[in-house]
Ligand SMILES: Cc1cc2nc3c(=O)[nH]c(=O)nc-3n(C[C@H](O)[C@H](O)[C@H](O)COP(=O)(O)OP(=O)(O)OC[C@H]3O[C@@H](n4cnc5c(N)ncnc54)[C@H](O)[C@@H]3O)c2cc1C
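This document starts with one chain, in the form predicted on its own, laid out as structure tokens.
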């Protein structure tokens, strides 16, 4: 029997396994083929930007990123575009641009060797037993059963473990995140957030990444395909240009609108990262919450298994407060009038000097969008 079975080896699951793998007997399960040389069975729909909050968590862990997980260019400016009001501003913000699959594999490489890994293995369901859980998995077409004292769900926004635990879908706002990697020789050198209530009540984005332009958005599921097509039409009108579509990714996304949408788990089951609803409601940033929930659960287990869930809930209180404040921030960001007034005022925006002011010639390979 394992002490801990972790379902999901993304940033939350892999980080938690790294933190507790030397102390406990751990099973780490993921449906993707995550080892080097094995293609991931599914691509994670993720912009792959490490925001300042997530960077701070890496610093707390004492980690530095190897260069092979980085994508080009590194980003120091965010462009906000309000399409209906024809307003745009640039804001200084520091993101690390990542190759998401390489980043996930790097996190897994740091998991202690004594942790049992089952990649390409899918979780089906669990059953409670007097001493823990019986877990049903499918591994290469074979049905496998394992036992664990504690079950840890790190399997994303629509966690199979959480659905079975709660017996109903989460009441969080649900979106379909869709993005394409487009071949492009000329890309804007910053992360762009686009707002248009005709497309979504959330936001859309463009991200330059290794000679590609990543175009995406979070849309209501019933209109996701239509809204994404209209987003690309809007970008063409703004002056963006690209070549062939290299790949498309999609995933369901939950947006916690209230504290009640968050969960730490119960009855011997702990929820990490997006599985518990721990994601920014204003930006959909999830890396920092994955790291923080993993650390909180590891600290809760440090004194032992007895009473760990009470300690885990206690350690998550500051994070719940953080999400409450992010919801207040979101009301300003996504309110059309308040957003327009903020962009119009130029408060805290930056005004980079064009290259021609110094050299007499424009910056190469990029024509800024026209509003």
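Residue numbers count along the first chain shown, from 1. If you're wondering where the values come from, they're calculated on a predicted model, not measured in any experiment.
Although not depicted, the form predicted together with the ligand is the subject of the following passage.
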Worksheet item: Every residue in 30, 121 and 179 with a non-hydrogen atom within 4.5 Å of the ligand in the predicted bound form?
Response: yes
Worksheet item: Since the chain is shown here on its own, which stretch among 226 to 234, 244 to 252, 78 to 86, 182 to 190 would lie within 4.5 Å of the ligand in the predicted bound form, judged by heavy atoms?
Response: 244 to 252
Worksheet item: Quick one: is residue 297 in contact with the ligand in the predicted bound form, heavy atoms, 4.5 Å cut-off?
Response: no
Item to complete: Would you please decide whether residue 20 lies within 4.5 angstroms of the ligand in the predicted bound form, comparing each non-hydrogen atom pair?
Response: no
Worksheet item: Does residue 268 reach the ligand in the predicted bound form, with heavy atoms at most 4.5 Å apart?
Response: no
Worksheet entry | is_contact(residue 100, the ligand) in the predicted bound form, heavy atom dist at most 4.5 Å | yes
Item to complete: Answer with one of 213, 301, 151, 279: the residue that has a non-hydrogen atom within 4.5 Å of the ligand in the predicted bound form.
Response: 279
Discussion item. Do any residues of 133 to 164 have a non-hydrogen atom within 4.5 angstroms of the ligand in the predicted bound form? If so, which ones, in sequence order?
Written reply: 154, 155, 156, 160
